[in-house]
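The form predicted on its own is given below as one chain in structure tokens.
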């Protein structure tokens, strides 16, 4: 498809803002609770914006989840599983959310879902894109990046079928993840809270402009495409035997080249990166990913061409 081609979309009339998908990620929990009490800040002309706590039991416990990770639960198998209250809590919740905001993949699904997350990694404000072909989201992310410049807002593209997962936001026609850190689990930091709030403001402004008939011209969006998940070095029993190297710690989005220090063993030996070419690690030493056997993900930089868009 030529980048000069104008792609048309229906107006984005129904928008949801999810917080508490992970119950110990406090910025989204707090913002959504704030907006549920007073939604004036997120109100836009012609848009129904619904703030929603996705995993209330996990929020109540201030834990990532109760039975299983809600942000991995939106598979076709889970969404169609019989069993009712015998199912894991998050699978029950996934089915309920799919009924309320979906069904996933249908014409009745919400137009846009923003899912708000915190990370313990030094990622700053990161927008998560699930499809390089979603020109609406590409244009929105371009708009946000320009609006907050010179502040940085990397776009993480995760569309490889081997690496992506069935997110809560995938119920919508256009799914947007927002990951802001560093922030410890169960903690609310004012700078992280405000950074997330500002991103949402610009995202909703974009939707309002689009609905009013503004045509957004072709643009290019620089993204970091997920390439590989990297685990910690382990012994034969699966125990971690090395840590993220101090030269890599907190260096999300910075290039890691062959020979650079990657891990440090407990007796001080350096394990270098031995991949091919430069990569850009992120989610470095994320606390929630120890259980997922992931030290960080590698990404490679790409430039995506976004078509011009306007409403139908």
Partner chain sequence: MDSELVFLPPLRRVAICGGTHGNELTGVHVVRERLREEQRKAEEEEDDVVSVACVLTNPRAVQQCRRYTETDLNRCFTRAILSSAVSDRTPYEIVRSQELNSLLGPKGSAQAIDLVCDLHNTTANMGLCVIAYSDSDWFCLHIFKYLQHHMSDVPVRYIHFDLPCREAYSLDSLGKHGFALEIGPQPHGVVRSNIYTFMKTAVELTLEWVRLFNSGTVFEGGSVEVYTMVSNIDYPRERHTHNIMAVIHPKLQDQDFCLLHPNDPMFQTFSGDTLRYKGPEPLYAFFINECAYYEKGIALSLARRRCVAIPTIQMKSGLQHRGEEGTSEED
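Residue numbers count along the first chain shown, from 1. Bear in mind the structure is a predicted one, so any value in this text is a computation, not a measurement.
Beyond what is shown, the protein has a form predicted together with its partner chain; the following relates to that form.
*Asks:* Is residue 57 close enough to its partner chain in the predicted complex to count, meaning some heavy atom within 4.5 Å?
*Replies:* Residue 57: no contact with its partner chain in the predicted complex.
*Asks:* Residue-level contact is defined here as any heavy atom of the residue lying within 4.5 Å of its partner chain in the predicted complex; does residue 49 satisfy this criterion?
*Replies:* Heavy-atom contact with its partner chain at 4.5 Å: absent for residue 49.
*Asks:* When the contact criterion is heavy atoms within 4.5 Å, does residue 225 count as touching its partner chain in the predicted complex?
*Replies:* Outside the cut-off, so no.
*Asks:* Examine residue 44 and determine whether its closest non-hydrogen atom to its partner chain in the predicted complex is within 4.5 angstroms.
*Replies:* Although its partner chain is absent here, residue 44 would stay clear of it in the predicted complex, with no heavy atoms inside 4.5 Å.
*Asks:* Are all three of 120, 197 and 285 close to its partner chain in the predicted complex, meaning a heavy atom of each within 4.5 Å?
*Replies:* Looking in the predicted complex, the three residues 120, 197 and 285 all sit within 4.5 Å of its partner chain (heavy atoms).
*Asks:* Taking the partner as it appears in the predicted complex, which of 73-81, 155-163, 200-208, 232-240 has residues with heavy atoms within 4.5 Å of its partner chain?
*Replies:* Contact-bearing stretch, as computed: 232-240.
*Asks:* Tell me, which of 151, 214, 188, 100 has a heavy atom within 4.5 angstroms of its partner chain in the predicted complex?
*Replies:* Only one listed residue qualifies here, and that residue is 188.
*Asks:* Heavy atom within 4.5 Å of its partner chain in the predicted complex: which of 66, 53, 34, 278 fits that? Just give me the one.
*Replies:* In short, 34.
*Asks:* Using the arrangement in the predicted complex, list in sequence order the residues of 224-251 with any heavy atom within 4.5 angstroms of its partner chain.
*Replies:* Contacting residues: 239, 240, 243, 244, 245, 246, 249, 250.
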